[in-house]
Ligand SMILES: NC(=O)c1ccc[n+]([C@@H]2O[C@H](COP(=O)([O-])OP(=O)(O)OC[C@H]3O[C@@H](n4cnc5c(N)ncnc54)[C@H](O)[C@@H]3O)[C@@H](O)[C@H]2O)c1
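Read the single chain below, which is given as structure tokens and is the form predicted on its own.
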């Protein structure tokens, strides 16, 4: 099955494949001029072993984590790739989760001013979020993804067979983004999440991708658009600040930070009288998918000033206001909130 979407006059194509179909497609299409970047966590995968055997001189193994998304690591890796030899027809193939995909996409967009990138996301989080929409990036010491490009991959191959060997914690992180989609847009997705059938994973992935597609008709986040891409940032403004304040340590993963961010941003929606439901309904579904719900360690009277400093560097801040995503009776919407008011509201949350 293929899903296609036009984004800024470019075709964004996602194809769902079984592992044997993916193997055949890759073996027949990868050439000796291409570069393969693998997450070290999937080094024992049979498909990866076959690709390594055939293209050993063109392969790089990287441990997927936020620490690789920095200028030093980017500089080191791009020099190695250039030394290896690249040309205009070179294709970067990336196999891994969101951090590796973000870095590989940024590499592809900047090598020779842009070579093609084919993504094979191997985590649930990457399948439903980071591989969709064309955002690439690395982190600055001042904040997450402040350095990057908008660069669509040539293709995204989604193979849910990779999820069979994924740790439960990584699966949970993927569900954080899926739960986000169910809040900002998709009632059918919300029903599937409540049902919680493992047999529905491909359907859940497809519904999540289609939900995201509603918000990415353009690369830039337009304030006036009803389906602005900025709405996808629900849970991320505070979530990214928590993640950055925690120095991207392994004790708090991206999806877990977004879980906490969603609770807090839904609390804000409720305090501002926009959200008609109960925040506890979100908390219960997060618990069902093994996501953290206790934010007191990261957001309290002592940490709020430092969190606000992180938020000030957020890409969505304009002058003293931030484009904040709130949840109302009809789903997600954008509202400008001053940094000063946001700080005051955070102090009101228990």
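Please read these numbers as outputs of a predicted model, since none were measured by experiment. Positions refer to the first chain, counted from 1. Rigid core: the largest C-alpha set superposing within 1.5 Å between the two forms.
Only in words, not in the display: the form predicted in complex with this ligand, which the text now covers.
Visitor: Within 4.5 Å of this ligand in the predicted bound form, counting heavy atoms only, one of 106 to 114, 74 to 82, 158 to 166, 274 to 282 shows up; tell me which.
Guide: Of the stretches listed, the one contacting the partner is 158 to 166.
Visitor: Just one of 36, 307, 42, 47 has a heavy atom within 4.5 Å of this ligand in the predicted bound form. Which one?
Guide: The residue in contact is 42.
Visitor: Looking at 290, 303, 70, 65, which is the one with a non-hydrogen atom within 4.5 Å of this ligand in the predicted bound form?
Guide: Here the answer is residue option 65.
Visitor: Is this ligand close enough to 261, 265 and 343 in the predicted bound form that each of the three has a heavy atom within 4.5 Å of it?
Guide: Checked in the predicted bound form: no contact with this ligand for any of the three.
Visitor: According to a 4.5 angstroms non-hydrogen atom cut-off, is residue 122 in contact with this ligand in the predicted bound form?
Guide: Although this ligand is absent here, residue 122 would touch it in the predicted bound form, with heavy atoms inside 4.5 Å.
Visitor: Whether residue 132 contacts this ligand in the predicted bound form should be assessed with a 4.5 Å heavy atom distance threshold; does it?
Guide: Yes, contact at 4.5 Å.
Visitor: With a cut-off of 4.5 Å between heavy atoms, is residue 145 one of the residues that contacts this ligand in the predicted bound form?
Guide: Although this ligand is absent here, residue 145 would touch it in the predicted bound form, with heavy atoms inside 4.5 Å.
Visitor: Find out whether any non-hydrogen atom of residue 97 is located within 4.5 angstroms of this ligand in the predicted bound form, and reply yes or no.
Guide: Although this ligand is absent here, residue 97 would touch it in the predicted bound form, with heavy atoms inside 4.5 Å.
Visitor: After fitting the rigid core, is the C-alpha of residue 236 off by 2 Å or more between this form and the one not shown?
Guide: The answer is yes; the displacement is at least 2 Å.
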